[in-house]
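Two forms, one protein chain; structure tokens for each follow separately as structure 1 and structure 2.
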Structure 1
């Protein structure tokens, strides 16, 4: 009598697996198509915006006299902002990446980066209502503070290294930044006192701003807005450098500062340059801070004590009133095209430099 063949359970499992594989393949194909459509839309938008601006621009006689002061004002605001953001952001990045204890780095890094979430309109309001009137009265004291800051900090650091006992220096490793607070407060007090003395002597007119809303106010507040960008990218670039480089340099007899200047900073330099370019691009396109605290006076003047008018602020002010097709409308679109091209160029340069840093770190 023939024995019936056993029914295998492999066949239903294989069929079920093949059915699920087909469903997964169709789902992944639809996902790839959706992502491709999204990428194509983004590429289309990236091409459509400059194409629209180029097609709509109408040059009129004397357009240079209108656009060039706006372009100069944008560069003036961005340059002063970077002059403020670079020492603050890069200094904080160096301390967090190279000197801060891990607990302090874990606390302060998110805190500095969260500063970028502060709305620009709030910073502009603070600049217009508080910072501008204060600087108008104490600009001489502020200049004295900037003059004395670096020498005072250098003297404090050298005094600590030469006078403090070695066991104190070892105990304060990683916390040296807090030792700078007393010299900083002393510098502030000396600058305020000296500013009042010079003002009483009639010397305050030497640095009297033409208007409370000027390039100095914009540089300080816009620099604070740009600082998180410079800090975050610089800190990431420094922290991405292998720690073995600094440890090897110190094992060969270099100090932490020598390892920083001769080893870490040269390797991380492309990332720091990219941070600088992105910060400059952010400052170049900022609207609300410049609109609220610059005075909106289109001037071809590089002095920090005079006002300015940037392209972004001018677009926010005049675009709602421009009639489509008019000469005014064409000039606004021309200024927008210049701003778009400059920001695009700066971001492309920053991405190229960041790619160079990645390749350098992979080579290490």
Structure 2
């Protein structure tokens, strides 16, 4: 943008203006140049990232035997993590966006987003030293907890709807989470007790993990770490859907859940799919939790009761020792390239799907 031309005049102000014109023009130029340099650096970085991987990759014979178990390990960890993160994150997002009173929402959303900032190494520490040994002794209890959880919550909720006076129900609208805490804790207690009983009866061998550091532990902790990502993105998508849709459905006699399931969720579906994809991508690339709590044994199997070794954890373990230019180094970079490509692909897919949501919301 050009500097305004100095006006030829003799007033002192105008003279000063004219005097400073050169300095101002120089500043303008300097800003433009430095902005250009910054943009060029970004472009360079964006090109250099994949280029350095591609340049150092070397395919040695037998690479599949080394890289494939790692890839399988990464997928195993990410799939289990998403299996945990999706019900928790999506459920919490639905409740937060549609059922929670505004004050609650204003509290819950930053809380979960703050949880996203918890360093992975802290979660990995808890997973490796506490959760893994505990879970190894209580796999049965955990399995029972999983089976009982949904039925118990549903029974408790439906009983409340049938039995509680309408006045009470009106007062508790929006605060159903507190009502769910007693059945949740009860389920925990029942599962622990039943697990001990079954273990005493000698059924523990059915589900005995081969190692305390296994896919189950990874799934739980990594799922907890990824949950805020899924929550945050799908909550945004659901909250952006106009509430009129739900109100209209309710006016026509739908229950709250029917309105949500038939009206809101289909509209917000692209946003939720994007949240799922990004959560998966994040779980694939997460290093510390997997490094600390997975046992790091490269296995080609999908069981939650065996260990795994993921690409990211393998990089953190082996890259500092690999000699530059060696075959080992080349293979490490190959696995890194795979991980990089996968994450890039997932992010691009998520971005495309989110674009669709945005267009759909504009249409409404």
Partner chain sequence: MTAFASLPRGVARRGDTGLWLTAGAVGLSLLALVAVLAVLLLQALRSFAPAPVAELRWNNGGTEHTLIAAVVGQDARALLVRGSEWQRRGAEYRRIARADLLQLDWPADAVTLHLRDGREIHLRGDAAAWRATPMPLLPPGPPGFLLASTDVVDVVAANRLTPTQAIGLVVQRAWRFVGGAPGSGGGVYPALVGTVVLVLLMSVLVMPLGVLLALWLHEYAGSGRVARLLRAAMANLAGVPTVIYGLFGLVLFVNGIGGGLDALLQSDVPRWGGGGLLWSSLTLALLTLPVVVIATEEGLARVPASLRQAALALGATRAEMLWRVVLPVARPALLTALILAVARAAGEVAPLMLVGAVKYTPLLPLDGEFPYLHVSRQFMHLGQSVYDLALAGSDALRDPAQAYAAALLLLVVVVGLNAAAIVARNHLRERARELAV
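Note that the rigid core is defined as the largest set of C-alphas that superpose within 1.5 Å between two forms. Predicted model, so just to flag it, every value in this text is computed and none were measured. Numbering follows the first chain given and starts at 1.
Two forms of the same chain are shown on their own. Structure 1 is the form predicted alone. After superposition on the rigid core, displacement of the C-alpha of residue 64 between structures 1 and 2 stays below 2 Å. The Cα shift for residue 25 between structures 1 and 2, taken after rigid core superposition, is 2 angstroms or larger. Comparing the forms between structures 1 and 2 on their rigid core, the Cα displacement of residue 37 reaches 2 Å or more.
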